[in-house]
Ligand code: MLT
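One chain comes next, on its own, written as structure tokens: the form predicted alone.
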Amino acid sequence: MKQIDVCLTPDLLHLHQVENTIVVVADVFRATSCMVTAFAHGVNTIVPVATIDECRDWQERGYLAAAERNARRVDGFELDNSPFTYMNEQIRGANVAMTTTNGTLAITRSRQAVKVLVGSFLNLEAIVRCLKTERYDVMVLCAGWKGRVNLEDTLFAGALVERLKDSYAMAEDSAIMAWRLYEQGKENLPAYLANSSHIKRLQRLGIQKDITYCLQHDLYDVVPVLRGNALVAMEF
């Protein structure tokens, strides 16, 4: 039986098998939620990069550029890390370069995988449907916060484990932990996350609407997948 594993932070990635595995990267607040929203609203490609300098290089080539550090937009870039930014008409047909504190770093570290998919609660069922057709093991890579574990990405991993548990065996305790956390909190995720560290960071910025939006399930039928150095929308 195929297996599903969970890596709770990119700093633990070296302990996991990435080759011959499909990696689903989750940065719920807010990078992967932004990416899913962007593709749902017609973006052409997103190039995820680890550093601000790389992002600026792509900007100089004519790409729209999004740069975030510590949950704030970096000066000199057109786009920020709010999913509502990616509902703008300027996104349709555009090529975007993006760097964020955690999410894009997690994606760039996963390049040795068979496939790298972008996951969020917003496209959870689309990810599930895609993975059920695959023959490879799956690992959910939680972007976390600067190398630390965070609750929201772990809950996404648990939600994915729950929906795939009849098709995939749980490989390690991290998958069981994530699943049980989701089972505890799924009836009211905003309340379950109320005291989490990143919720507090975002609330200090006055963006409660981003939090509420990112916790919605199955809003979009889109799966971003890494092809070369760019994310594109997977064709079903």
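In this text the structure is predicted, and so the values were computed from the model without any measurement. Numbering starts at 1 and follows the sequence shown.
The form predicted in complex with D-malate (MLT) exists for this protein as well; it is not shown, and the discussion that follows is about that form.
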Next item on the list: With heavy atoms only and a cut-off of 4.5 Å, decide whether residue 101 touches D-malate (MLT) in the model of the complex.
Entry: yes
Next item on the list: Would you check, heavy atoms only and a 4.5 Å threshold, whether residue 121 touches D-malate (MLT) in the model of the complex?
Entry: no
Margin query: Is it the case that residue 31, even though its partner is missing from this view, gets within 4.5 Å of D-malate (MLT) in the model of the complex, heavy atoms only?
Written below: yes
Margin query: So, residue 71 and D-malate (MLT): in the model of the complex, are they within 4.5 Å at any heavy atom pair?
Written below: yes
Check: Which of these stretches, 85 to 93, 130 to 138, 158 to 166, 101 to 109, has heavy atoms within 4.5 Å of D-malate (MLT) in the model of the complex?
Finding: 101 to 109
Check: Which residues from 139 to 160 come close to D-malate (MLT) in the model of the complex, meaning a heavy atom within 4.5 Å?
Finding: 145
